Structure formats: structure tokens, C-alpha cells
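One chain follows as C-alpha cells, the form predicted on its own.
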């Protein structure tokens, strides 16, 4: 049986853990702890230090394994480990971050080797709190970079919103041209 695996990545407080918890059909595995950095503690009371894990069932009873990376940059090495064998990447960007395009650049560059062979979708979270930059601005920014990844508003708390991110990524995988 083939293993289907997707990875959620992005900065601290972008919603990776929340998204996996929202859609997982099994109890999630999470490595959330109280952050040691004051800047992170101001954003949220806990943060992922290793990974998150959840699972959903696809047609034909195949399991889709969902992994979430830590958002703290000191744990970036986990991204390449978790991406091994993955079919695609969901990058969550917190739209209330002070410099969203620097964050987006960071995660696209961090995962450049993976993304040279696998698709991604960009989910813009916290859009209900801060609606600038717009989704169109993200698309323009990606176009200027030479990237054509889909960009969607996403509410990591909402199962339907997370499902749309996953479905969009799976569509991109199915119709990717080598």
C-alpha cells in the first residue's frame, strides 16, 4: 500500500497545529510546549518543537498522513526530515505578520529543493484579522518570483477551509506537468 503524506509548514502562529487538529480523523500527536522565547510567548502560550501528526481517509480507504513542522527557525531542520516521501507542501502564512512576503520567501527558499519536484499551496491565515496584503498581492508576488503556486485564504480552525487547501494541493499533484 502506497503512503500518502502531506506537510504543513509556516511561521509560528500560522495555524499548522490547529489545521491538522481541525481535519484529523484520529487523535493528533503534537509536541506543543511552553515557548522559551518571549517573542513567541507573546503570540501564543504553546509552540511545536518537533512535529504534529494527523490523518484523514481518502477514497478507497487510503490514509493521508498529515505532518506539521515547527515554526521556530531553530527547528527548521525538521522540515527536510518531515518532507521526505511527502507528495506536497502546504505553506501557511499568518497575514498579521509584520512582513508576510519575507516570511513567504523564507519558507519557499527553505523548501526550494523539495518544491523543485513537488507542488505547494499557500494558505493565508488570520485574513479575518488583517486583510492586507490581499490574495491578489500574494499571487503577484509569487508571479514576480517565478512561482505559480495557488494562494487561498484559509481558516486553520475550520475543517472545510483546511479540506480546500488539501484538495487544491492534491489537484495540483494530479495535474502537475513534468
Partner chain sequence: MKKLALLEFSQIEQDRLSAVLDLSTMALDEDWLIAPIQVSELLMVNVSALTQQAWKAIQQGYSGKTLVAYGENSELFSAHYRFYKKMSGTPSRQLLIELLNQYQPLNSQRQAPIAKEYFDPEQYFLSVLQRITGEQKNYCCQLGNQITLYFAPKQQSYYCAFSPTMLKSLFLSHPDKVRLQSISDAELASAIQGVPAKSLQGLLWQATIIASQGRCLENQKSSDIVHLEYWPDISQHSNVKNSLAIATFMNHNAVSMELIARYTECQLSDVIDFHNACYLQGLIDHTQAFYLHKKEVSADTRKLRKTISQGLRLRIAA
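Predicted, not measured: the structure shown is a model, and the values here were computed from it. Residue numbers count along the first chain shown, from 1.
The same protein also has a form predicted in complex with its partner chain, omitted here; what follows describes it.
Undergrad: Which of 87, 79, 100, 108 has a heavy atom within 4.5 Å of its partner chain in the model of the complex?
TA: Answer to the contact question: 87.
Undergrad: I'd like to know if residue 18 sits close to its partner chain in the model of the complex, meaning any non-hydrogen atom pair within 4.5 angstroms.
TA: Contact check for residue 18: no, nothing within 4.5 Å of its partner chain in the model of the complex.
Undergrad: Examine residue 143 and determine whether its closest non-hydrogen atom to its partner chain in the model of the complex is within 4.5 angstroms.
TA: It does: once its partner chain is placed as it appears in the model of the complex, residue 143 has a heavy atom within 4.5 Å of it.
Undergrad: Verify the contact flag for residue 115: yes if a non-hydrogen atom of it lies within 4.5 Å of a non-hydrogen atom of its partner chain in the model of the complex, no if not.
TA: Answer no; every heavy atom of residue 115 is more than 4.5 Å from its partner chain in the model of the complex.
Undergrad: Indicate whether residue 164 is a 4.5 Å heavy atom neighbour of its partner chain in the model of the complex.
TA: Residue 164 belongs to the contact set for its partner chain.
Undergrad: Can we say 51, 54 and 126 each have a non-hydrogen atom within 4.5 Å of its partner chain in the model of the complex?
TA: Checking in the model of the complex: none of 51, 54 and 126 is within 4.5 Å of its partner chain.
Undergrad: Do any residues of 157-174 have a non-hydrogen atom within 4.5 angstroms of its partner chain in the model of the complex? If so, which ones, in sequence order?
TA: 159, 160, 163, 164, 166, 167, 168, 170, 171, 172, 173, 174 sit within 4.5 Å of the partner.
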